[in-house]
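So this first bit is one chain, no partners, the form predicted on its own, shown in structure tokens.
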């Protein structure tokens, strides 16, 4: 394995560290407010408790699950820290739901692990890093399980390394990163996840899990992994949780390829949670002497409802997972909906003038700038040609990207542009030269996607990654101060094979493709650390923490309709912080839905995430342009609170004709409240006082409505007043909405 690929694999877990000491048979892995209690019994590590913090090992041992409290015991299994297929249960039978299934070199399909040693590592970041080393009781097959507890955000990261010490190859039929059994969490369970498709991402759904049931969801796209479902969940134990109440386990899988998550509840109320790489294309072949590192899984616990799960994961993302999570994101204009493929340098310069006048900070050129000769991307050929040929179309841009960058800098703007490096058109110079560089089956005709010619490059092949890196490097290195790259990916795996891999390893393609993608992203990030990267994949298809290990944000959805974005961003906010969610103000009628909403409403929705534009500013009236300038100015002032503050979801759009959320900064001196009314009939539910959260009860806050249009509605009768935090928390903020698409933003400042 080459050095860069080893780096990419290591990034799936965490950085290397030195061993600090051995661990006894009992271990408490603590964060500030939670405890994962483990015990070694019968040679295996088991889970005694995961939930609110308990500091006494003696008390945990006394209260932990055992046969006496576990029903009649038929087929029970001890709660394993990493469950495997074929391991003997506590009474009779074997575990058939284990998250790891290995077919050994001699054909044996079961695994039985024993713990060899447990150690803690010196972690320079201050995290507690526990390593459990295990081995099959018969075969030289090794499993190393990592836990990394991050006290400041109450999150535990875990990942697994598998090493084949057998004489022949083994086949991994299941290879989950997280395969933990929890004893008798509750006799009532609810599973929430975010599903959806293009232009309707992150739609929340919650289902009860009955005894003997397994609920599972996932994505087999291979590329647009956050379509259909997002790789995250919240599992409530007990009565159905709310934003502020309930016992909730939350988790995210950090993976950009195909994946699956499942929760099983047996008739003894054992809960088995599985999360990991999908192997529906076939078992992964791990050769003798080889090691595979499975993706990271991050999990957290809340005894105060779903809102705390979100805040924990948001803090973890900004501080531990994203490359620059504390960096404030710029206000930008993306050219796509303002011009699509039909642009000239003059059109782009006019857009730059417009975004500069509105107070924007960055101009991004979207699709349509590349390709030469018969494969030049233009308004005629559109998306049918040119992918893979990352060179300037000189007829369209005589002065190239360098010239556009200079024009942007002259206006005091930063510059960025769009690429789609995972894809290639069969109508391209790259494909003509290397038809064997795409993902495809050897004997079947090539299936194509968008434009009738789009396919996925085979990133298992180092030569393919080297070619794309060289092309991108040649572009990036020539643009002084290049600030931003929009990285798109508009296809799934329409073909399931690799010309690069041999016949025995074809089923490895989906996993190895994603590792190859991370290899390329890591190289780009290392050479160009100051370039911000947006993860886009037909909209929100790359909304995952695997990609956000290298990217700074993701495009929330191609659906920019403000009403739809309330629901999309509500779902994405369950696990992704506002700084990572790109939201743009676009023209009306909306290009996806045809709906017309007020400019203020569109601003009030987009400002609750990373604000941007996707329109031609010259199409705004003088009044609208002046209002846009006011909104951008307001956003820049509240940006640190929105992008770095704690999120509190106050009123859900599900089941209401309005919605509200708020952000509070770490000092609790500054807060922002968003209120959005949707279609509201005469008998709509009228907002009661908004029950604010997160404020300091001992402080007094000045309340001010911002983003108001001249002569527009006043939405709060205490606008301009200074009120006590205790009263605002207890009595709420009195607000009012009038008619359809009415909205408001309130800024609260401690005095």
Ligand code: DGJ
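Positions refer to the first chain, counted from 1. Values in this document were obtained by computation on a predicted structure and should not be read as measured data.
Below, we turn to the form predicted in complex with the ligand, even though it does not appear here.
For the three residues 561, 600 and 674, a heavy atom within 4.5 Å of the ligand turns up in the model of the complex in no case. Exactly one of the stretches 303 to 311, 551 to 559, 603 to 611, 243 to 251 approaches the ligand in the model of the complex with heavy atoms within 4.5 Å, and it is 551 to 559. A heavy atom within 4.5 Å of the ligand in the model of the complex is found for exactly one of 434, 450, 525, 616: 450. 336 is the sole member of 141, 159, 336, 255 with a non-hydrogen atom within 4.5 Å of the ligand in the model of the complex. The ligand in the model of the complex is not approached by residue 266, whose heavy atoms all lie more than 4.5 angstroms from it. Contact check for residue 538: a heavy atom falls within 4.5 Å of the ligand in the model of the complex. With a 4.5 Å cutoff on heavy atoms, residue 367 counts as touching the ligand in the model of the complex. For residue 418, a non-hydrogen atom is located within 4.5 Å of the ligand in the model of the complex, even though that partner is not displayed. Taking the ligand as it sits in the model of the complex, the stretch 704 to 731 never comes within 4.5 angstroms of it through any non-hydrogen atom.
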